[in-house]
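Coming up is one lone chain in structure tokens, specifically the form predicted on its own.
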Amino acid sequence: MAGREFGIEKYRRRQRFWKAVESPYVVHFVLFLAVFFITAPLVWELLTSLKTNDAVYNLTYLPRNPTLESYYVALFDRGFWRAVVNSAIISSASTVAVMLLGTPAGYVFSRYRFPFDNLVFTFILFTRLFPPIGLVVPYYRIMQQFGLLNTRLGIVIANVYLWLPLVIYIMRNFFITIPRELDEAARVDGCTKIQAFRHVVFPVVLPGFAAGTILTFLYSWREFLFAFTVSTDLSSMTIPVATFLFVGDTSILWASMAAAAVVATIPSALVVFFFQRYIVVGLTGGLKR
């Protein structure tokens, strides 16, 4: 009897604990902490970018005399605008190449059976799971062999290698949700396989295509390791690599670096803000099916 009462009391204490944890005050407090830790570095970065490089060392959080001087220094005196152009070109070219290759590949893996198809698909996914740091040396040697060091094309090839498996996986899962009868109906109406894909199946998976496009662009925009390996010249540097130009031998241009980081964040923030629905579709719909 005593043991049963002890068990009931233990159960009640557990219930009171979880009720307290799930209370609105605790939930809101945890959400506030999460938002604070996410936004605090961004706010600090924005405030720092509005200071001069000398004013950064004053122990004040808010800029006493806000100025855009650090943006001018970063973009024009240090030539950071060239990195912005390079990132835009490289990210766009990488996205186009990945989607042109990944969309039909995902369709093939969803519709056709061929020898070792599952093994090939698993191998493609495995290449994405392989740590990128283990591929830097052979990648550098290959780019050197073909004369692609310090070129935009060398970075585009790296981005295609990195993000193509992800797009194949996402598009395959979206194509699987489309009934095969839709293809067969188009074939009965006289379409070829390519016409059935282009005019019937592809329009149905446009949300998945948009999700893959946005994710590839965002990932290519922020890729650092391979871009750092290939590019040592500002003519081909991307934004993440060019940010290191503000680190000198004896000092760091904190305000200019913060201004460069703000410039680098703006396109990504705009893409996430306007296309967040497609990003969620790509990260959830493409993975859960």
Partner chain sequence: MSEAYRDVPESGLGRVKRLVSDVANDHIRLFLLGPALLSLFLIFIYPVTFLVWTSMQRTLAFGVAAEFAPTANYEAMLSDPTFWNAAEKTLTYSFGSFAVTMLAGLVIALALNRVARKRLRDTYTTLILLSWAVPLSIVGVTWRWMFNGQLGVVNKLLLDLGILSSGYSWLANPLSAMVVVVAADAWSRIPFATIIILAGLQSIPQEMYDAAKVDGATTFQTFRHVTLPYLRPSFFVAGLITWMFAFRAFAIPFSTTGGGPAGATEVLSIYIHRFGIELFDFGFASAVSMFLVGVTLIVAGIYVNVILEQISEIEE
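Values in this document were obtained by computation on a predicted structure and should not be read as measured data. For the two forms, the rigid core is made up of the largest set of C-alpha atoms that agree within 1.5 Å on superposition. Positions refer to the first chain, counted from 1.
One more form of this protein, predicted in complex with its partner chain, exists but is not displayed; see below.
A.B. asks: With a cut-off of 4.5 Å between heavy atoms, is Pro207 one of the residues that contacts its partner chain in the predicted bound form?
C.D. replies: Residue-level check for Pro207: no, no contact with its partner chain.
A.B. asks: Tell me, yes or no, whether Thr127 is in contact with its partner chain in the predicted bound form, where a contact means a heavy atom of each within 4.5 Å.
C.D. replies: Contact check for Thr127: yes, within 4.5 Å of its partner chain in the predicted bound form.
A.B. asks: Does Ile90 reach its partner chain in the predicted bound form, with heavy atoms at most 4.5 Å apart?
C.D. replies: So Ile90 does not count as contacting its partner chain.
A.B. asks: Report whether the minimum heavy atom distance between Tyr140 and its partner chain in the predicted bound form is within 4.5 Å.
C.D. replies: Yes, Tyr140 sits close enough to its partner chain in the predicted bound form that at least one of its heavy atoms falls within 4.5 Å.
A.B. asks: Under the 4.5 Å heavy atom criterion, name the residues of 151-179 that approach its partner chain in the predicted bound form, in sequence order.
C.D. replies: Those in contact are Ile157, Val160, Tyr161, Leu164, Pro165, Ile168.
A.B. asks: If we fit on the core, is the Cα of Val21 displaced 2 Å or more between the shown form and the other one?
C.D. replies: Val21 C-alpha, core-superposed: shift of 2 Å or more.
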